[in-house]
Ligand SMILES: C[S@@+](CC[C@H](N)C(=O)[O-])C[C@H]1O[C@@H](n2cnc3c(N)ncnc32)[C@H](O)[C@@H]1O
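Heads up, the chain below is alone and in the form predicted on its own; it's given as structure tokens.
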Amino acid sequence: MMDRKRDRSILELETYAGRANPMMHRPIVKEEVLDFMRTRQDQLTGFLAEIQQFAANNNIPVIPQETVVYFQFMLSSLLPEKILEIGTAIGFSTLLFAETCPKARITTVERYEEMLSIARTNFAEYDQRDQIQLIEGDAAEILPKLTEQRYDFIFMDSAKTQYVKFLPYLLNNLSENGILVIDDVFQAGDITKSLKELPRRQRNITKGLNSLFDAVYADEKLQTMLLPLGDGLLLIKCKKIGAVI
């Protein structure tokens, strides 16, 4: 039954295909190094491997294997009790978080119905511990309503032009030792280029990401780190008062 629902949902992905981020196929590290990271590290098994392959077969952007391994390593050490995700897509990373942190409560936000239809199916079948709360709608409208919530880990993988607008809400939602991870910040290296060098469709994304970097690096209360995994991860946490960085 679930497979039939998932197969029907594939038809709905045609409207998404035109918006899919082309950067997912443009590695920012040498291809031989990327291949080494993706093949020599531990591979997923079971339903997560099936969803990962489903995404690859249907050109659906999900976090790549090197990012998967990093999140497994980090989250198994951090052991977050509450996780917030902005950008569910088909629920691959959500379910990865759930499997890595079986005691965590996970809230995930998605607006596109073609993604939601598959995510619902995946959660119904694989969220065996009932860890996941799926909020359907625009994060721009939802985040201001989460003012009383605090999360130990936040992952943002949504509209790149909106990152800087969402940033204040997400920082406000971080717990004292919480970590915010923002995905796809390098845009296959385009972030280093002038706007004149870029296709018009890419310019607003680059402007938005540069505004994000400006905001983050201008805030002395934040500790940040960039990682060349996938299309680039930006890690942010709040400095502890009196700490020497």
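Throughout, we count residues from 1 along the sequence that is shown. Computed from a prediction, not measured in an experiment: that's the story for all the values here.
Keep in mind the form predicted together with this ligand is missing from the figure; the text below concerns it.
- Only one segment in the set 120-128, 82-90, 169-177, 145-153 has residues whose heavy atoms sit within 4.5 Å of this ligand in the predicted complex; it is 82-90.
- Checking Leu75, Met115, Val164, Leu134 for any heavy atom within 4.5 Å of this ligand in the predicted complex turns up a single hit: Met115.
- Under a 4.5 angstroms non-hydrogen atom cutoff, this ligand in the predicted complex has Ile63 among its neighbouring residues.
- In the predicted complex, this ligand sits beyond 4.5 Å of every heavy atom of Arg105.
- Using a 4.5 Å cut-off on any heavy atom, the residues of 156-191 that reach this ligand in the predicted complex are, in sequence order, Asp157, Ser158, Ala159, Gln162, Phe166.
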